[in-house]
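Coming up is one lone chain in structure tokens, specifically the form predicted alone.
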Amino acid sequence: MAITDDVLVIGGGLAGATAALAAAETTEDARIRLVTYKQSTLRHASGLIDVLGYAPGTTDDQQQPIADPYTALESLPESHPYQRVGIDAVRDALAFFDEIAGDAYAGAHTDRNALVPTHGGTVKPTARYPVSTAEGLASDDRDTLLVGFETLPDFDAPLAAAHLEAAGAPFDARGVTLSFPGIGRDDAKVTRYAHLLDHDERVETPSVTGETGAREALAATVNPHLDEESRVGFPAILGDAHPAAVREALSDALGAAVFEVPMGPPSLPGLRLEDLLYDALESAGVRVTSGVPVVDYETVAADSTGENSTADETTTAAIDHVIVDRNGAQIPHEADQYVLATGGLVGKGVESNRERVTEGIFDCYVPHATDRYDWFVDDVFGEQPYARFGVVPDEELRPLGTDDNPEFSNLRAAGAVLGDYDYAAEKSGAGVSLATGYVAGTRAGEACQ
């Protein structure tokens, strides 16, 4: 017997979680389920919510950060996912995120992008950012000390400071590399640093006689290197369960504002965002089934009465149920509406071989050149065609087939599985996931009413 829900979301990243939450908000009495195979990609992301950082199609020497992403959205091509859902939907999705994130995120006070320093010493234009990074914005002219640690080689603080100054940041930046009190291993996880500070564990440090709390020990290690800078940036390790308390304790001890610099994977801000979204899913009553890949599906003819389709779509097939593999057992999951949010080429939602490119579960059509040598250009920094591979949806976000009709009447797509945009070059990945996840989940919920 199939497990039955009203809406089934496939994929547990930002797009999938947003779709499930939007569906749950749209129809309170519906049964919403999210199934996900692998760990969420959120833990590999920076935790920043970028809407549009750079204009598509600009070359490296033309690239300037976009100040107002909403104004820039109006000039995007009609095929771009933002144009598919409409600019009002992008605003609604950001407002939906703000409601979920509460005081954990900043940036909702303005339409303009903030410039957040990264661990490489560049700045990233972003619409929403963790409150832990707020004191470090590059538009702020306060002089800055960046602190790196010998056991965290991914953040070279002196090099990052030099890059910020070379990029024209309106402040003096200086970097130092120190020993982190209580950690001597090079392979310690970022969660170990956070745990030490969360629980203020007793550690030994040359700066203090005997053992002391990790927060005091870290401040004592940094203090001799502070030279009238009024803010101090650390790699994003300042607590997992109690980051606000850790930042406040360090700020009081240093007499300076304290902020985190987003890091590469594994990313503590990404893990915090994942926790925030999955707590919201639990509160909304969304059932989450993890570690189960969708391996097959069955269709039925679309409802000729029009319940699941418009009059001119009565020949479009509908998905009846999908099959998930749970430890070798084939489990059918049946729903009225489905949302596909399995990611792009990186997330394996879009797959390629020597012959073709396709969507991995429902074999939805992915436009691409017949000759695979046209899938890329020789200039590694050029505009790569493969970066835009993905399904092309209608305004309801239903994937379209080669005949420009929806492939399935009750399947919508969201996030990086969509094509016709280059999220890495545009810095638009999180924004597209939010906007399309919100619209796909809302439409799926409405269709269940």
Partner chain sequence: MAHDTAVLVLGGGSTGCGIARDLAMRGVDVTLVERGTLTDGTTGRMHGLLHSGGRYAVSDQASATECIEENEVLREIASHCVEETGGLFVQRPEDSDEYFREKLEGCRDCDIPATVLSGREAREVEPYLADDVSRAIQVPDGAVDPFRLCVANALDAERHGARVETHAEVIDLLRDGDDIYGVEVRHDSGPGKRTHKAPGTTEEITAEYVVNATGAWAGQIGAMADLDVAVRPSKGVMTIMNVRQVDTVINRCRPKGDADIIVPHETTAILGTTDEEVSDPDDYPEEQWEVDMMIDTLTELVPILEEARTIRSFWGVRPLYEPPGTGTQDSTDITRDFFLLDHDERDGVSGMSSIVGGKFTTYRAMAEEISDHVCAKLGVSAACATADEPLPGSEDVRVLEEGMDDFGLRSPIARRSNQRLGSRAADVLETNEPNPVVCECEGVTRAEIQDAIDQSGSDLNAVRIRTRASMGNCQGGFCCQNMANELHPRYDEETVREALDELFQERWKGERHALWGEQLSQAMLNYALHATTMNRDNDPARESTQLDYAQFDGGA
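Residue numbers count along the first chain shown, from 1. None of the values given here were measured: they were computed from a predicted structure.
Omitted here: the form predicted together with its partner chain. The next part is about that form.
- At a distance threshold of 4.5 angstroms between non-hydrogen atoms, A387 is in contact with its partner chain in the predicted bound form.
- Contact check for S132: every heavy atom lies farther than 4.5 Å from its partner chain in the predicted bound form.
- The shortest heavy atom separation between P81 and its partner chain in the predicted bound form exceeds 4.5 Å.
- Contact annotation: G285 falls outside 4.5 Å of its partner chain in the predicted bound form, judged by heavy atom distances.
- Within 4.5 Å of its partner chain in the predicted bound form, a heavy atom is found for none of I87, A317 and C364.
- Residue heavy atoms within 4.5 Å of its partner chain in the predicted bound form occur in exactly one stretch of 290 to 298, 352 to 360, 217 to 225, 270 to 278, and that stretch is 352 to 360.
- For the options D252, D103, E74, D379, the one in contact with its partner chain in the predicted bound form, meaning a heavy atom within 4.5 Å, is D379.
- Proximity to its partner chain in the predicted bound form, taken as a non-hydrogen atom within 4.5 angstroms, holds for one residue of V147, A257, V123, A173, which is V123.
- Of the residues in 136 to 173, those that come within 4.5 Å of its partner chain in the predicted bound form through at least one heavy atom are, in sequence order, L137, A138, S139, D140, E150, T151, P153, D154, F155, D156, P158, L159, A162, H163, A166, A167, G168, A169, P170.
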